[in-house]
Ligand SMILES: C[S@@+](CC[C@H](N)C(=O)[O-])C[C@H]1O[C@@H](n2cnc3c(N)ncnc32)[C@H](O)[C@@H]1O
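Single chain ahead, by itself, as structure tokens, in the form predicted alone.
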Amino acid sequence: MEMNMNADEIYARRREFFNEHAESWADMWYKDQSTGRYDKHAKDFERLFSKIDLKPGDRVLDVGCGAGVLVPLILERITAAGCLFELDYSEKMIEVNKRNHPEGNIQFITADVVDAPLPPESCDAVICFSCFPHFHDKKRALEVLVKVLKKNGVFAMSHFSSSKGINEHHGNCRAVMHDMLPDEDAMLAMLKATGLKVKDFVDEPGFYLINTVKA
């Protein structure tokens, strides 16, 4: 029965899932239960941002931003001179994100990734953290995101698990059981087709990263 769901039903279930868990998302995935601090993945974030070239004044799109776990890390690097676009199709995630991050250089956008309302070549970097498998039309999403990037802009995709771990985890969750990361060959083909040059491709237990630049 699950596999017979049509595309609209899959999309609706996925969106409902993220709306239902918006308030507790940070506690579920980023809180160290032994200390109460939200630094469970501090070393992983440090590793991730050591690979992403962000600088003061940059304009950054945090796509599939959820409740905004990346916000402080991005703002620290682009400073008040930069601009951060927080985009998610879950209105509840955006509500939580906006409530927790009042900084004036953030623009919050509720929209599907393929409808991202940003002008062509308007961003210095696009970051997809823990979200690419959930994109309904991955090829189209990638095309849209690359379009908003400036020439030589950074496109980075990351998860704190391997592709195998991600796909197994999603396969065990009814709401996102259809949301899989493409294999390496398929992913590299998509990246090449959209004009992205791969600098780093890491797929290991506990860490996945594709770091690219727009040619």
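On a predicted model such as this, the values are computed, not experimentally measured, just so you know. Counting begins at 1, following the sequence as shown.
We do not show the form predicted together with this ligand, though everything after this point is about it.
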query: is_contact(V69, this ligand) in the predicted bound form, heavy atom dist at most 4.5 Å; finding: yes
query: Heavy atom of F49 within 4.5 Å of this ligand in the predicted bound form; finding: no
query: F85, heavy atom within 4.5 angstroms of this ligand in the predicted bound form; finding: no
query: Heavy atom of F129 within 4.5 Å of this ligand in the predicted bound form; finding: yes
query: Partner-facing stretch of 98-106, 117-125, 74-82, 130-138, counted where any non-hydrogen atom is within 4.5 angstroms of this ligand in the predicted bound form; finding: 130-138
query: Contacts with this ligand in the predicted bound form, stretch 82-102 (heavy atom within 4.5 Å); finding: L87, D88, Y89, S90, M93
